Ligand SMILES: Cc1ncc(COP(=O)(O)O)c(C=O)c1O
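Before any questions on binding or motion, here is one chain by itself as structure tokens, the form predicted on its own.
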Amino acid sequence: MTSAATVQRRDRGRFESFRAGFPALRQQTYLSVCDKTILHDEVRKSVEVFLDHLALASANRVDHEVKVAGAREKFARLMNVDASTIAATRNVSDGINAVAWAMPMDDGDNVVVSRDAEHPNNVYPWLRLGRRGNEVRTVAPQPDGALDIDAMIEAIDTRTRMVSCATVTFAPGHRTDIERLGAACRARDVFLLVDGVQSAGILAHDLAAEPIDGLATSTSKGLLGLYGFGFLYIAPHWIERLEPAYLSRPAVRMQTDDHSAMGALDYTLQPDSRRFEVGSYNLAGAYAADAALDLLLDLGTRVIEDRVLALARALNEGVTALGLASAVPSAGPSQSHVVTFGALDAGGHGVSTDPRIVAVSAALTEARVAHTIRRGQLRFAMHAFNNGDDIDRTVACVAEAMTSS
């Protein structure tokens, strides 16, 4: 029987090997995956393979698209669903807009969103629906910035077609009670669409079990890939009920592999989520995602989640003890890998009106500790490449800045 200590040693070795593949970590402490990722050597090598193919004309379109199919299948495994439910997209906005315009909606039908808790890219698509005669019901978040799930459920009525939210808010970083919100949506046949960019690849998802009908994400954060590539998950029981607003060859069932051949004018949509794929793929993004997903699957998202939540707890408690108020819990169901400090909306994007936040941020920048300020709050986020030394160094830097200011 394998002992717990043996498992811990094995996992520690795997994480150390994983961390060693990120050259950025030799020069800085990177606690900002909520903003953008850093590249692993294997991911960069995969993109270089693609560039070599272009430079040497050594691969054709079909050869390249093997990587698209591979990335699609590996993301499906990461999320515990069938690859038929996954479409390759460009980013979160692409996925959200695809669903927004594919959902059959009549005048007066509505969508529910917590506008002030969402990234603008999960707000503007719904405001656009409002201009075509649909109602956008905006629900205020709780005072601490978390979604008010009770109020969102209360806003649902017989004309509600969709509810949209983030799995983890980009700021302050609360984890959403998807189970309760999703159960309410399922009971009313309302489509729950989530922005999963802050959780995918970092927190464990089981989309076969979670009451999520659609998840849009990009590979530029927790999935350790490039900008301009992402995924859209659509639950199997919804696929045939959605008709994409945009249409090109990948979305249509064809009887030939000739990419320039025209099929029947009386076309039939793909029977799976590929009906949402439009035009040529971002092949560099697909090569990157294919390699990055191998790394994540090797570690396992359950193990990754346990690691990042422990690191987030240590950072939360360490900085709070120095006198900076935490905006998110250090434990419990709403804890995520995102940790923020300071008053909500005491400033904006990259700026704070709190002199302590300004001083600490300046000290962190000087010490090469990557972080951000969002909504006036000091924001950090962990991934599997982080370790306890990163947390200790950051807490020590904050302590010195607090003493000096």
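One-based numbering along the sequence shown. Only a predicted model underlies this, so the values are computations on that prediction, with no experimental measurement involved.
Here the subject shifts to the form predicted together with this ligand, a form of this protein not shown in this document.
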Picking from 280 to 288, 215 to 223, 299 to 307, 239 to 247, which part of the chain touches this ligand in the predicted complex when contact means heavy atoms within 4.5 Å?
215 to 223
Is there a non-hydrogen atom of residue 170 within 4.5 angstroms of a non-hydrogen atom of this ligand in the predicted complex?
yes
If we define contact as a non-hydrogen atom of the residue within 4.5 angstroms of the partner, is residue 188 a contact of this ligand in the predicted complex?
no
Counting only non-hydrogen atoms and a 4.5 angstroms cut-off, does residue 198 reach this ligand in the predicted complex?
yes
Residue 85, heavy atom within 4.5 angstroms of this ligand in the predicted complex:
no
May I ask you to choose, among 326, 93, 80, 142, the residue with a heavy atom within 4.5 Å of this ligand in the predicted complex?
93
Can you pick out, from 159, 313, 119, 180, the residue that has a heavy atom within 4.5 Å of this ligand in the predicted complex?
119
